[in-house]
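Starting off, we have a lone chain in the form predicted alone, written out as structure tokens.
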Amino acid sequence: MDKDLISKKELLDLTGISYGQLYRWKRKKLIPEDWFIRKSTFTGQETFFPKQTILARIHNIINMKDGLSLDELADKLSDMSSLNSTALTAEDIVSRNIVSQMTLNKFGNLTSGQSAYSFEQLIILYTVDYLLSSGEMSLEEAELLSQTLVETAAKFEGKSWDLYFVRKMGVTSFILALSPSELVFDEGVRLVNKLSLGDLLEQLKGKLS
């Protein structure tokens, strides 16, 4: 099965939520309808979810639900306007554990003299930090990724993208494509990781709430 998907059974086992909670959250629009993906398996039809996105969303629901009704929580989770207007100082970013101090020191020169980082700049820093912390990417590759995102992500303004991190014969490339995408590479290319803007946004919501 696609490693980017998680089955309903695996999701319930991993998160500890119940079948009833999952479908109540769906009815209340805390979890979008199109995240419920029906697929044929050898046992019949099963439901799957985009793995990183649903795990981040459930984490956010559990951590944000105290003091809010489900309707209020649905509004909060779907509200992108407050995120888009986010501006954080370097001290805020580190104290809220959005990215590490090391990542900020090496790749934080994005503000052009401004005192705060915009939401778009936070996404760049968070993406770099995410792959560095996974151990899959070197500092030299992180420099290339940061440069790629600075030069390319703005071209996707208002649209979702997927990031492909690939290597061929020791040479690293980063490719951004409109989401949803499914690129096909030749036999000599190894896909190291694939990240979607939707997954990154969902994870950032939890850290910025």
Partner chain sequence: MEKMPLSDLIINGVSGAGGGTYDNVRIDGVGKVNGAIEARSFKGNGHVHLNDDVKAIEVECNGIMNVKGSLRFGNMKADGLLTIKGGLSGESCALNGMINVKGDCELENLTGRGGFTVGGLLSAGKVEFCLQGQSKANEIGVESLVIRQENKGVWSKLWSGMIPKLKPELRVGIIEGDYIDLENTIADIVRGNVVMIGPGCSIGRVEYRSKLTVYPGVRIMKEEKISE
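Quick caveat: nothing in here was measured; it's all calculated off a predicted structure. Whichever C-alpha set is largest while still superposing within 1.5 Å between the two forms counts as the rigid core. Numbering follows the first chain given and starts at 1.
From this point on, the text means the form predicted in complex with the partner chain, which you will not see here.
This chain is drawn without the partner chain; in the model of the complex, the residue among 160, 45, 147, 63 with a heavy atom within 4.5 Å of it is 45. In plain terms, the part of the chain that comes close to the partner chain in the model of the complex, with a heavy atom within 4.5 Å, is 37 to 45 out of 136 to 144, 52 to 60, 165 to 173, 37 to 45. In the model of the complex, none of the heavy atoms of residue 155 sits within 4.5 Å of a heavy atom of the partner chain. In the model of the complex, at least one heavy atom of residue 24 sits within 4.5 Å of a heavy atom of the partner chain. Of the heavy atoms in residue 12, some are within 4.5 Å of the partner chain in the model of the complex. Within 4.5 Å of any heavy atom of the partner chain in the model of the complex lies no heavy atom of residue 193.
Relative to the superposed core, residue 143 shifts its CA atom by less than 2 Å between the shown form and the other one. Residue 14: CA moves 2 Å or more between the shown form and the other one after rigid-core fitting. Superposition of the core reveals a Cα shift of 2 Å or more for residue 27 between the shown form and the other one.
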